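What follows is a single chain, given as structure tokens, in the form predicted on its own.
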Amino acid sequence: MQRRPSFIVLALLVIAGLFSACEVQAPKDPHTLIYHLGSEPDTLNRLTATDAYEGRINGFIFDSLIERDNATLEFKPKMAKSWEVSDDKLVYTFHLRDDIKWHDGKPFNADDVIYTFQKIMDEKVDAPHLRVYYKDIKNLEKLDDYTVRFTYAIPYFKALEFVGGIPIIPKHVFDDGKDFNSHPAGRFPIGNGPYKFKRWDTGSQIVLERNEEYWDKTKFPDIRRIVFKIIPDDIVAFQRLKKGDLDMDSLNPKQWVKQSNTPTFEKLFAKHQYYTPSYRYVGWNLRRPYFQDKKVRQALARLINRQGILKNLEYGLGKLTTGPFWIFGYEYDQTLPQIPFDPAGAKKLLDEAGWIDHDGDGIRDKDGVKFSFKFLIPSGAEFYQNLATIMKRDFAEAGIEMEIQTMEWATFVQQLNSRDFDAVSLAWSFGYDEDPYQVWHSSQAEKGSNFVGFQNGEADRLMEEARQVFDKDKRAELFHQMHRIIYDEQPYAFLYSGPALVARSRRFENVKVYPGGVDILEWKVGKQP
């Protein structure tokens, strides 16, 4: 899928549960793409949506002012036909196209941009993950119906990406007095992109149809309909892919290595492997007594056999990581050594932190508190279940009791947002030229993506300073310092960055793999192999 200016989103790479939708037949229309969706979105409201599945769907329904070129990753015009940036990097003026309409026929104009910004900055709107990127804008002006000007109070190195990628919503749809966070348009979105929302069958599918009046004829898609089939169980999804009920699916490493190399599969499907900025982690809720001491967190990192997990669960497909940046990015400090699997060293650190089995029941305790916690994972996800099982065994041998807690995705997200969890495993997916503020700054600990409650004054200072640095090398120095702080503090046990593993029907042609992945809008429909 095409890379657009992106916000950090919560990205569950493998989500599973129970699949109850009715059986579907392979599409008779070859111009229909059936795409596996691992979990049902909570909403398609662009401003309150936070996970990768919502972003994936909305990416087809909505356009942005600018977008990244697939090949070069440089920004180019989209709904803005041109823009200017002041020499001091504080003022961004966009000249909008005057020939774009929303899917209900209403014209797109500067009022939609102004309204979107106002709602993002409205504290009553559930958009703290977005607000953090626009908080330093001191003024947004409508110069005329098709010209807007953003003025920052201080420079921000990602300003162009975020003002150019602001997730614009139609003012005439949302500005009707209804509660914004639960507005019906979050269920029935009206966009301005290459595909229109058609319907949402709860628990089964979300259907988009090509926008026949789409303004950008250079990107007018050959695929007429996209059906997102909601199949939480990746094993079930793979079986449906092999039957021809799906045209495209993300494979897990076992499926990639062991189960998709038959002549029949290779005749019907092509496989693509590529890396995009992301990493897996285990996060400790620092508000809990067990995780407040960094010695304990350092010990826990030594109790996770990351190399063994990568080898045995992921067939070696991935790169071990040590911190909060993408391992292939300039922000990542390559000099930091991997934390070893070291149970003896972990036990020593736990002893030093005062977590000792005082009463001889086999579980460490301190000040009358047992080291017994719940590890939250999405229900049914094979990888997370296997990871939790391994961790539970190794932690038990060190005198730590871990209960595996599984939840359906919507409830899972609610627990994160309310900070009502002990420990969790997930993955972050983010854009190029990373800004870690949303996930790591202390201001985001209560309302934001800093779910684990990490707070460090020096790390805050480095992030704040880096935001104003446009020189990549100087910014890298600041981020390397921050990386070292988080490496020492271990609020996450960082696991690895894994590649995207995608299978797609050979019926689709003109498929190119770019640095950011594939762009479905370029695909052409050929004959079924």
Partner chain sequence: MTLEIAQPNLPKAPEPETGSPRYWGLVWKQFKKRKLNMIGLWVILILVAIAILAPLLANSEPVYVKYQDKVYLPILQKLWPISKLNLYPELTGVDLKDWKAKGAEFRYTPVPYSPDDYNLEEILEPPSIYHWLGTDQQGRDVLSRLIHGSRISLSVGLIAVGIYTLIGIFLGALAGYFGGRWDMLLSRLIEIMICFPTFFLILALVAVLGQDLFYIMLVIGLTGWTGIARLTRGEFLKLRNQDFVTACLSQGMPTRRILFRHLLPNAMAPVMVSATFGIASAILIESSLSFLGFGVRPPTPSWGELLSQAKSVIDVAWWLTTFPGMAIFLTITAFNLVGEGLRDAVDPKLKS
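Numbering follows the first chain given and starts at 1. We call the rigid core whatever largest set of C-alpha positions still superposes within 1.5 Å between the two forms. Everything numeric in this text was worked out from a predicted model, so none of it was measured.
From this point on, the text means the form predicted in complex with its partner chain, which you will not see here.
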- [ ] Could you tell me which of 313-321, 70-78, 289-297, 108-116 sits within 4.5 Å of its partner chain in the predicted complex, going by non-hydrogen atoms?
- [x] 313-321
Open item on the list: Using a 4.5 angstroms cut-off on non-hydrogen atoms, would P340 count as touching its partner chain in the predicted complex?
Closed with: no
TODO: Look up in the predicted complex whether E213 has a non-hydrogen atom within 4.5 angstroms of its partner chain, and give yes or no.
DONE: no
TODO: Would you please decide whether K142 lies within 4.5 angstroms of its partner chain in the predicted complex, comparing each non-hydrogen atom pair?
DONE: no
- [ ] Give a yes or no for I404: in the predicted complex, does one of its heavy atoms lie within 4.5 Å of a heavy atom belonging to its partner chain?
- [x] yes
TODO: State the residue from I168, I309, M248, A423 whose non-hydrogen atoms include one within 4.5 Å of its partner chain in the predicted complex.
DONE: I309
Task: Proximity to its partner chain in the predicted complex, single hit among H95, K348, K392, H172 (heavy atom within 4.5 Å) - done: K392
Task: Residues S64, S82 and K219 all lining its partner chain in the predicted complex, heavy atom within 4.5 Å - done: no
Task: Within 4.5 Å of its partner chain in the predicted complex: residues from 242-257 (heavy atom criterion) - done: K242, K254
TODO: Spell out whether the Cα of P263 moves at least 2 Å between this form and the one not shown when the two forms are superposed on their rigid core.
DONE: no
TODO: Using a superposition on the rigid core, decide whether the Cα position of L143 changes by 2 angstroms or more between this form and the one not shown.
DONE: no
